[in-house]
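Take a look at this one chain, the form predicted alone, written out in structure tokens.
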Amino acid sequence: MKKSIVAVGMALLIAGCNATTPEKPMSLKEQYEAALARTKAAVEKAASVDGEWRDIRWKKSKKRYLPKAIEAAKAGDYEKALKLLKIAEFQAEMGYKQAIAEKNAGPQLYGM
């Protein structure tokens, strides 16, 4: 009986140690790919309510954060790409929030 309790205890200890093993850190390329997916989803969400801000990907904008991030990644500059994606994701989230907050905006007719 004691041996089985010790065996179960050891098995739980080993399982617990394996569960807390730190994961391998993500490479810059993997971070970029995850950020790109998040940013594209945020941009599409903003666009779905007509809340996409100009500098995310609008052709007439000089900044165009999303396309420039993709270009930087193709050139191997993942740090620059991640910085640009962070800006684009922020703008997409804020554009969505702005569009939702202002969906009923318009002239207010008081006292009529």
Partner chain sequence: MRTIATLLLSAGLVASASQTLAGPKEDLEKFRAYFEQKFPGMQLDDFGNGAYALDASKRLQWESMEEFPPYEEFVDKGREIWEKPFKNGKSFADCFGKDPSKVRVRYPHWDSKTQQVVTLEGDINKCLKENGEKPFKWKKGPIAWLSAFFGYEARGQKINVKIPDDPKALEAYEKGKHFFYAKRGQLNMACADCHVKYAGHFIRGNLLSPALGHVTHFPVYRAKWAKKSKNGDGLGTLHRRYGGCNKQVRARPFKAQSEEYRDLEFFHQYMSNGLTINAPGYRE
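Just so it is clear, the structure is predicted and the values come from calculations on it, not from any experiment. Numbering follows the first chain given and starts at 1.
We do not show the form predicted in complex with its partner chain, though everything after this point is about it.
Scanning E71, E79, E30, D55 against its partner chain in the predicted bound form with a 4.5 Å heavy atom cut-off leaves one residue, D55. With a 4.5 Å cutoff on heavy atoms, K62 does not count as touching its partner chain in the predicted bound form; it lies far away. Among residues of the shown chain, E23 is not one whose heavy atoms approach its partner chain to within 4.5 Å in the predicted bound form. Contacts between 26 to 51 and its partner chain, taken as any heavy atom within 4.5 Å in the predicted bound form, involve only D50.
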